[in-house]
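What follows is one chain in structure tokens, specifically the form predicted alone.
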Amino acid sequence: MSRAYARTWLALLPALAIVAVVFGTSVLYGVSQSLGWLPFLGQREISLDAYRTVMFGADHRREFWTALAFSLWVSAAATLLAALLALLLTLALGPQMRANRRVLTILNLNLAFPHLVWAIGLLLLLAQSGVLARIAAALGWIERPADFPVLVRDRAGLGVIIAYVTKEVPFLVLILVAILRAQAESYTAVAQTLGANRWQRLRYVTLPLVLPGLLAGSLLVFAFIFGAYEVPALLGVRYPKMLAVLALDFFLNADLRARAEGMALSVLMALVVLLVALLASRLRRQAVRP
């Protein structure tokens, strides 16, 4: 091991130790409670009862599997749409995206809004009593605001998907712009010199450069959406719920014994994200493989 390598790890050691302690303590706390370790209630026996209750119990089985399917649908749809739109926007603007400070400023302004504030804005804009519905009724396009299409608080999760897509596209675009800025423009110039047309340069030069970063960014977006609470709680409906909303309902239950079920749901959510991360890692290796 070289001295420079050792010095790098020694410099990172304090920060890594703090992260390991905080993260490890949180994981241990959550897993132990999901296994029924609730000493404040006198429960010190380890079991899988909480997992069996939420997954196969008569009272919660349907709600859990419905919430899991709904969470996967919303997270996957929002992530795929955001990734596709970010890629198309970056490729459409091309070099202008990397040099246009006005566009980059607009993207950064979007990121400055918290997700909850953004969701409230969309609710005021897209609800059947919102701004667009009232404008459409005033212009005579619809008879009354209540005739406006249901875009938020709908059973298909369209409002939640719209909120996340409009928030995550700028995040992914900035990732792609940073990747393109770090790459030498000689790749494209060489391909053009060798006779490659625009589509060939896009397929064989630009896409291989940005695809690994896009996959990594999409994984972050999926994990965030899958575990987020505030936007689905505001723009969603009471049924079906996303897993994060259902888990917090368990955790905030007046019966403290339901906390084990809430922690069990949180652990299951973490396992789903881990599986998706492993799949994304495999896809990324295949994408960079020559």
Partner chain sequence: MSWLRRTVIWLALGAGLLAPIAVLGVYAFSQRWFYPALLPPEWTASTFVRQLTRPETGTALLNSSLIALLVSLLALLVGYPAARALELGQLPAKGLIYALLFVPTVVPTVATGIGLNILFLRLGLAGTRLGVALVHLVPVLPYAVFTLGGVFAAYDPTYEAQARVLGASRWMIWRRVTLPLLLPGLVVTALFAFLISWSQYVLTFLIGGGQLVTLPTLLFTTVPGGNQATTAALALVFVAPLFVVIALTARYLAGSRVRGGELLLQ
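Note that the structure is a prediction, hence the values are computed from the model and not measured. Residue numbers count along the first chain shown, from 1.
One more form of this protein, predicted together with the partner chain, exists but is not displayed; see below.
Asks: In the model of the complex, do 67, 81 and 208 all reach within 4.5 Å of the partner chain through at least one heavy atom apiece?
Replies: No, the candidate spot makes no contact with the partner chain.
Asks: Determine whether any heavy atom of residue 113 comes within 4.5 Å of a heavy atom of the partner chain in the model of the complex, and answer yes or no.
Replies: Although the partner chain is absent here, residue 113 would touch it in the model of the complex, with heavy atoms inside 4.5 Å.
Asks: With the partner left out here, check for me: in the model of the complex, does some heavy atom of residue 230 sit within 4.5 Å of the partner chain?
Replies: Judged by the heavy-atom cut-off of 4.5 Å, residue 230 is in contact with the partner chain in the model of the complex.
Asks: Consider residue 29 of the chain shown here, and say whether it contacts the partner chain in the model of the complex, taking contact as heavy atoms within 4.5 Å.
Replies: It does: once the partner chain is placed as it appears in the model of the complex, residue 29 has a heavy atom within 4.5 Å of it.
Asks: Looking at the partner-bound form in the model of the complex, is residue 252 within 4.5 Å of the partner chain by any heavy atom?
Replies: Yes, residue 252 lies within 4.5 Å of the partner chain in the model of the complex.
Asks: Please tell me which of 87, 133, 180, 151 lies within 4.5 Å of the partner chain in the model of the complex, judged by heavy atoms.
Replies: If I apply the 4.5 Å criterion carefully, the residue I get is 133.
Asks: What is the one choice in 165, 214, 158, 107 with a heavy atom within 4.5 Å of the partner chain in the model of the complex?
Replies: Checked against the cut-off, the match is 107.
Asks: Though the partner is not shown here, which residues of 126-151 have a heavy atom within 4.5 Å of the partner chain in the model of the complex?
Replies: Residues within 4.5 Å: 128, 129, 130, 131, 133, 134, 135, 137, 138, 142, 143, 144, 145.
Asks: Closer or farther: how do the Cα atoms of residue 278 and residue 174 compare in the model of the complex versus the shown form, where the change is at least 3 Å?
Replies: Closer together, by at least 3 Å.
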